[in-house]
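Single chain ahead, by itself, as structure tokens, in the form predicted alone.
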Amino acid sequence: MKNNSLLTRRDFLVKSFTAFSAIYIIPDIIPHASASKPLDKEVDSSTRWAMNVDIDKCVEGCSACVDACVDENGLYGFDRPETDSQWIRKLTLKDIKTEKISTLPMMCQHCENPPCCDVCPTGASFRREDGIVMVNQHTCIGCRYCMMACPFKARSFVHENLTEQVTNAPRGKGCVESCNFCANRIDHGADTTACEEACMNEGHQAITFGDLSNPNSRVNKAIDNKPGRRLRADLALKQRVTYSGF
């Protein structure tokens, strides 16, 4: 009688856990990992999202792209610059040969050969068929191997308990996160990111986003007009983010 009771409790726990797990993963993993625009169309390699930044048009002191990213993804800080998440940060660079000083936004470079995915022990860091590199918050264990592997320091770790979040960008303490090309927007039919939109609204036109597979896309036109280059091309990561004006 005792053994039968034990088996009953065990079966109950197994069934309850299975049901809970199914409910837990449905809201975000499935749509984001397997859908593109429109939502009923699966992501495939026929779409190749990319971004180009014209550093000659990037204005020193402008933070429109950073602010837009914060608002879009709910990256509200805790006034701790050393730990607050930054999906985009502005850098100031100086050419040691010409002494030219440039400013540019740095974000996840969405590599075709992403080192963050290579080192992830759980597969939480993954690359979609359309080229967007993302982090699955449900399977990230917070080991931060991806942060060490990224040569662009494009990833952040959530150190704090989060009280304010936006529904389109679920986040969690103990997880790594980074720019995802505004995947939620893209998967709902948009063809622009929050940072590109903000840059256009400021009149700078420094950031251009689009589909490389479409010869008439904004990003292709920008690159045709002013060829871009990849940062650290020697690493052969084949980033989908390029920079013009160097």
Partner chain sequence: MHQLVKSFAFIIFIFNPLLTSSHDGEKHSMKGHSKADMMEQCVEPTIVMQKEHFKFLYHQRDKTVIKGVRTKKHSLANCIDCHVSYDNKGEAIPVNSDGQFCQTCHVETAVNIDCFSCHASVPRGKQVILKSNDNIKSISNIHAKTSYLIKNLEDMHYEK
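Positions refer to the first chain, counted from 1. This one's a predicted model, so the numbers in the text were calculated from it and none came from an experiment.
Heads up, the form predicted in complex with its partner chain isn't pictured, but that's what we're talking about next.
Heavy atoms of N201 reach within 4.5 Å of its partner chain in the predicted complex, making it an interface residue. In the predicted complex, at least one heavy atom of N184 sits within 4.5 Å of its partner chain. Contact annotation for A190: at least one heavy atom lies within 4.5 Å of its partner chain in the predicted complex. Though the partner is left out of this view, H138 does reach within 4.5 Å of its partner chain in the predicted complex, counting heavy atoms only. Applying a 4.5 Å heavy atom cutoff to its partner chain in the predicted complex picks out E197, M200, N201, Q205, T208 from 195 to 215, in order along the sequence.
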